[in-house]
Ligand code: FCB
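Only one chain comes next, encoded as structure tokens, the form predicted on its own.
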């Protein structure tokens, strides 16, 4: 990290108090504190306009099982630079939820919930286990998934990069090197050639901000680095990779001769976290919140619209145009989970974001404030793009999962109100369809609508899943007769 001293940080924070990409007026009103106990669930179910989409999401490494040739597999078996295990519990992903083998059965569970959209990622290391050698059997398996989903009345949404990449790319320096963008483009082309007949909705990069911040700034994800300059380089290359993939998808997917085929719809899935100063009376913390927001939330979206990436701080970051990036969002994927409080100074003089210890928490220790989802999409609406909530949910290992049931319904009620007031949200995808391997937290956190017994792989619909099913049913047209 380049900014280490408290004086340097405070000076920078105060200088940045008026940054153009700061908080909108509706974000400068403090959120109310969350409840301390689980409230009663409102019996009135939220209502959405006709055509609103309901779905769920997963990622390959977290649920498929057998993904043994990527950067996360290595991370799970090695120690971080600080001596801790890559996964804090010491677990390996292994067979995860065996989604690779049980996909068809899991589609039946999607149908039982009433889902009309399923977002999943394709595992790059399966498809291209060695540079330039593509596994046609793996591509055919993913193609069969898309066919099965379509036949079940479920729209497939495919994510190309969800935190994992093949070891051969990692050994070449990964996205710290510009060659990764060329490799990603070639990978994208092969995937689109195989799946494009059945896929209209594409996510190129999942949470580019999380990928580089947790991997290169906080050291929680591989490669465990803590270097702002390297993080900025990675984000720049991710934006270039997105641009290359965007144009490759449109060139190939839109070449269909089928008059009924829809134009490809391409986006990133951007993690949006709401940030508030720990104290609104502290000018340094208010300014720091704006800077954190600008870098974390706004920078990747702004770059995709304007073609210029501005990320970091003076002397440690990037402010450059990215070839082909301008205008490369057909819609905007929003992943949202929580609000955090920003305080200064934090570690090594940088701002620190944390939670309100007095509020009700998820299993991950996140504040449960259901109103933040509506506020996040209201902020995202400034970009004048159709919005899909591509991830949202909580970890709740209780049985019944009353926190999930309450949080899901209240969040959707707020989202429905935002839609009613003109925010262009087209759909909501819950994270996650089933319990999964939660990266550095291992198998403990339970995010699934379906609870997974990892000994037997049996799936059981949770109380929260039942509530989601009921909300979906309430928003579907009644059958004739």
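Numbering follows the first chain given and starts at 1. Quick caveat, the model's predicted, so the values are computed rather than measured.
What comes next is about the form predicted in complex with ligand FCB, which is not displayed.
Give a yes/no on whether residue 62 approaches ligand FCB to within 4.5 Å in the model of the complex, heavy atoms considered.
Yes, contact at 4.5 Å.
When the contact criterion is heavy atoms within 4.5 Å, does residue 447 count as touching ligand FCB in the model of the complex?
The answer is yes: residue 447 has a heavy atom within 4.5 Å of ligand FCB.
Can any non-hydrogen atom of residue 103 be found within 4.5 angstroms of ligand FCB in the model of the complex?
The answer is no: residue 103 has no heavy atom within 4.5 Å of ligand FCB.
Is there any non-hydrogen atom of residue 163 lying within 4.5 Å of ligand FCB in the model of the complex?
Yes, contact at 4.5 Å.
Region of this chain that lies against ligand FCB in the model of the complex, out of 332 to 340, 168 to 176, 242 to 250, 281 to 289 [heavy atom, 4.5 Å]
Residues of 332 to 340 come within 4.5 Å of the partner.
Could you tell me which one of 198, 383, 313, 366 places a heavy atom within 4.5 Å of ligand FCB in the model of the complex?
Residue within 4.5 Å of the partner: 366.
Which residue among 271, 71, 295, 125 has a heavy atom within 4.5 angstroms of ligand FCB in the model of the complex?
Comparing distances to ligand FCB in the model of the complex, the residue within 4.5 Å is 271.
All of 206, 391 and 438 with a heavy atom within 4.5 Å of ligand FCB in the model of the complex:
Every residue of the spot touches ligand FCB in the model of the complex.
Listed by sequence position, which residues of 112 to 129 have a non-hydrogen atom within 4.5 angstroms of ligand FCB in the model of the complex?
Going through 112 to 129 in order - heavy atoms within 4.5 Å of ligand FCB in the model of the complex - there are no hits.
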